[in-house]
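The chain below stands alone, shown as structure tokens; this is the form predicted alone.
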């Protein structure tokens, strides 16, 4: 019985091999995985709230992925009329040196960001908040009494559609808490170079 079963199994196996070679039984090659569905669209208006260099970093990856964008570090509501922008990315984190060079204060930056967000929503432009410089661009390492970094986060993040955050900037759960409180998805990434993949997925490139 055992030998008989083994012989029949070999016959069945041989038939399957032959059938597999036949065009009638040939399996189609699996289709290539579709590109990730875009969650944001170009053109992009890119700016900062606090004049930190983080916006320039985001711009590097947008350019690398050939995504149409304009970086306006002191961009205003009037600038939103220059092109039919679909997305505005506001990078949070303040730089006293940057604000000094631009001749603005943190209060000016908060007012500017607030006006941009209000106008963007009026125009149907999606607002994305980003924090891409980790804890070194947080009040944890700021001068005593300087909470301008946190002020820029509070001005932008609760009003955004989604947040992009370098993971080490969330050591204290700041962005996780904001996401849960305001029902905003937060996309974390570990290393700066991984921002490329985040943006690529975001725009379906």
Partner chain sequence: MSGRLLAQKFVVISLGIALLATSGASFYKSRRLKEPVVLGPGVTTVRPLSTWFAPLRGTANDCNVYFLDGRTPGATMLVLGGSHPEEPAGRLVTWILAENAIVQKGRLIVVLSTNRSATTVTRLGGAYPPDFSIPTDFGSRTFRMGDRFTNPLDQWPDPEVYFHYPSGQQLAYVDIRNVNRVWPGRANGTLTEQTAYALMEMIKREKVDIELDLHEAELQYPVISTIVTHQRGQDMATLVSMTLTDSEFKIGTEFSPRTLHGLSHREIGDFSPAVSLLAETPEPFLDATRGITSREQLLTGRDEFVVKAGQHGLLFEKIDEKGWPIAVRVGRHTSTLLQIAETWGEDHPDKLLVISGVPRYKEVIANGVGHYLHDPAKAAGRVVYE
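Predicted model only: the values in this text are computed from it and were never measured. Residue numbers count along the first chain shown, from 1.
If you look for the form predicted together with the partner chain, you will not find it shown, but the lines that follow are about it.
In the model of the complex, residue 191 approaches the partner chain with a heavy atom inside 4.5 Å. Proximity of residue 43 to the partner chain in the model of the complex: non-hydrogen atoms within 4.5 Å are absent; the residue sits far from the partner. At a distance threshold of 4.5 angstroms between non-hydrogen atoms, residue 56 is in contact with the partner chain in the model of the complex.
In the model of the complex, the partner chain lies within 4.5 Å of some heavy atom of residue 61. Using a 4.5 Å cut-off on any heavy atom, the one residue of 79-103 that reaches the partner chain in the model of the complex is 97.
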